[in-house]
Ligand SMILES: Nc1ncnc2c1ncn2[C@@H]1O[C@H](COP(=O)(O)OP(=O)(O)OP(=O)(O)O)[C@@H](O)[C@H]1O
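Quick setup: one chain, the form predicted alone, written in structure tokens, and binding and motion questions come after.
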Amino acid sequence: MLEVRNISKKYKKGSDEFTALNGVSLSIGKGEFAVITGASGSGKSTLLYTVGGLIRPDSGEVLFDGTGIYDQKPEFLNQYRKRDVGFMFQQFHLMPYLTVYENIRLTCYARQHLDRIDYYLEKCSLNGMKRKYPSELSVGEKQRTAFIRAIVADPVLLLADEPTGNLDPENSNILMLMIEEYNRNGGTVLLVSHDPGLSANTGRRIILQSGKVVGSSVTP
């Protein structure tokens, strides 16, 4: 379903240059749950955003169902981000002037998606928060809101950047159970985490170091 071929990405700041990705190749099958781990600065988030169509690589290809996402017209990339991919960001990126319900509604592009919002709010214990603003939510409530926003339009691929990084152990467990349920229902997950233990119960672990894939293992 998803294939990354020899992608590289460098960042420049003044005369300084930093290589975030250096010839990374990998493939993710439909319905797979993969966790990308590695130290801070290893290129994990850059890889995730490149796969999601948010950061164009300097070289290499990202293919979704055999089509290079950066080789098409801008409309293709927009539709890919809108219909095929759900994003979860470490800092949530909830709109502060919108309610919980309104934040989730942002990713809905069909009537059936709107009809699912109340179901997910109830499932994630947020039904009483639907008219609250992000400033009125706990960290765990913000992340659960971000999770619903990411999956309510039924994307085939969930990209999650350090989704438990700001959560306590209880809320981390709640969120991971919801992500695992999304995966069991057929969704594909690519999750970034600095915590090696997070990949213990997932299908696959990919290790990045200095912008390169240095290891990959499958959970028995």
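Residue indices: 1-based, along the sequence shown. Keep in mind the model is a prediction, meaning the values are calculated, not measured.
Only in words, not in the display: the form predicted together with the named molecule, which the text now covers.
Contact annotation: N166 falls outside 4.5 Å of the named molecule in the predicted bound form, judged by heavy atom distances. In the predicted bound form, T99 stays away from the named molecule, with no heavy atom inside 4.5 Å. Not displayed here, the named molecule is kept clear of I206 by more than 4.5 Å at the level of heavy atoms in the predicted bound form.
Put simply, L177 is far from the named molecule in the predicted bound form: not one heavy atom of it is within 4.5 Å. Segments offered: 36 to 44, 177 to 185, 66 to 74, 149 to 157. Contacting the named molecule in the predicted bound form at heavy atom distances within 4.5 Å is 36 to 44. Heavy atoms closer than or equal to 4.5 Å to the named molecule in the predicted bound form belong, across 11 to 38, to the residues Y11, F18, A20, ordered by sequence position.
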